[in-house]
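Take a look at this single chain, the form predicted on its own, given in structure tokens.
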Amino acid sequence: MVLPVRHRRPVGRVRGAEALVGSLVGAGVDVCFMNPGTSEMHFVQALDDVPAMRGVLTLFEGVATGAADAHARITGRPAAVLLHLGPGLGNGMANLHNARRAGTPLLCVVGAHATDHVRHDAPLESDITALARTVSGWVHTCGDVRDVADDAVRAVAAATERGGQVATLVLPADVSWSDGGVPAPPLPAAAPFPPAASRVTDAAKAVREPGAVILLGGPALTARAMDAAGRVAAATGARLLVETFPRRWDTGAGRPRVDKLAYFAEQALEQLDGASSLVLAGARSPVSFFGYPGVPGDLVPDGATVVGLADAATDAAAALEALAAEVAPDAVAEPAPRDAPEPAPGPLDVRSLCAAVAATLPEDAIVVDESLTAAAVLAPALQTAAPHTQLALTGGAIGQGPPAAVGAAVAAPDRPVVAVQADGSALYTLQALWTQAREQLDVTTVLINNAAYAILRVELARTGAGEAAHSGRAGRMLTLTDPTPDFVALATGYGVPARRVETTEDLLDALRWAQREPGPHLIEAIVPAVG
């Protein structure tokens, strides 16, 4: 047998992949979600050389990117994902889009062909940089093993800029396998900008007037920021609203009770009707998710003044505290009560399902909400549940829920994760259950099975495309029947214990079963379709 030749390295120098992984760990990035290929094998081997880096295998790149997104949202620091060439990046794009919309600090390492192999235009060759730029705020290709560690820490620092962004480092295979790398010290993370005094003054003037609305989003949804916003509302009468899909929201009993801005444009317009001003705290000015015949896309009411208190790159909690000091120095935020009673026995529907989740929610849980048509019921139900953190579908690209549950559970192993998941979007990334089982993550997935793309039934009529949502060829495109997926069998096949329930009492029993036992569980809840 001929053994591979190991070249003698200069003292203090290592292979490029080892220098990169060691530098990432030194910069605080110690988890990498991955689905690697041939060009990333030296990165994988470096996991043995740098045991402080935890590698988490997923079965699909969209699971890896969604998990990295949620991990960073919970920890507040960059997470890493490793992808294989352009097609691997393409498979992970939907959840990278969600991460971009969330302002998540995420480091995306994409393996590439060896530098001298690119000229052959091999089957997997593609323009990785062009793909990466659609979701990344920073993109760089490492050209030399001597630079790889410096490039790695630059990428980590870049991920923290602008309040958080995707930073993509393209890593050619020969840079990974070559000797001569030297680990680099970390660079400072970008700090949030302090609030501008002039913006605080403008916001104070606005909230003192009747009819003011404060729209909270992004970094303004921590417990600290929510308390300050609640004090402002208590003192001035300003209404508080939370953006429709918050990236991370600390809510529940003991925290100010705040409604979400509705998903449907008509309902959002009703919520904002009569607003004299709209103060933006970590949120963007609201627009409808889609264009509809006869419905405005800009949701700001006519005549309302838009006041930017804090954008995504600003310390929104500090801005709200400065505003509270100005207009509410002695006010106390009114906390939501702990009031989430069990629903009455009987057949399950969306309301009883959401009430059951709220009634049994553990203290300090993380709720991953990809409930879609159930979201309008789930949000108010959770307002008086145990204090918890919610993660939502920031960019609207479905298939985020199961991967986000993985990332959240890895980030906070001491906190239970409850994923409330629509059936259609679950099928995009159900492979995440395998990773939950392999890593023995404390995730309870409540799978809402209405055997349909129910949200699209509603949208079929709202867009003016037609009303044949339950029949005809169009209706068949919106159902998940013939055959109907068996989520208990699917979950069991991935190694996750599962039950099917059709009544409220069975759901409550299943939720308690899942909370008693360690590891992941799935509960398939059969409910009538909406729309």
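So that there is no doubt, residue numbering starts at 1 and follows the sequence shown. Remember, it's a predicted structure, so these values are computed and weren't measured experimentally.
Keep in mind that the form predicted in complex with another copy of the chain is missing from the display, and what follows is about it.
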*asked:* Would all three of M34, V287 and T479 be in contact with another copy of the chain in the model of the complex, where contact means some heavy atom lies within 4.5 Å?
replied: yes
*Is A130 one of the residues lying within 4.5 Å of another copy of the chain in the model of the complex, judged by heavy atom distances?*
yes
*Does any heavy atom of Q390 come within 4.5 Å of a heavy atom of another copy of the chain in the model of the complex?*
no
_Please determine whether E125 contacts another copy of the chain in the model of the complex, using a 4.5 Å cut-off between heavy atoms._
yes
*Is there a heavy atom of H42 no more than 4.5 Å from a heavy atom of another copy of the chain in the model of the complex?*
yes
_Position in contact with another copy of the chain when the complex is considered in the model of the complex, options R239, R199, H140, H97, heavy atoms within 4.5 Å_ = H97
*Of V153, A275, A379, A437, which one comes within 4.5 Å of another copy of the chain in the model of the complex, counting heavy atoms only?*
A437
*Out of the stretches listed (89 to 97, 220 to 228, 336 to 344, 305 to 313), which one is close to another copy of the chain in the model of the complex, meaning heavy atoms within 4.5 Å?*
89 to 97
*Can you name the residues of 392 to 421 that have a heavy atom within 4.5 Å of another copy of the chain in the model of the complex?*
T394, G395, G396, A397
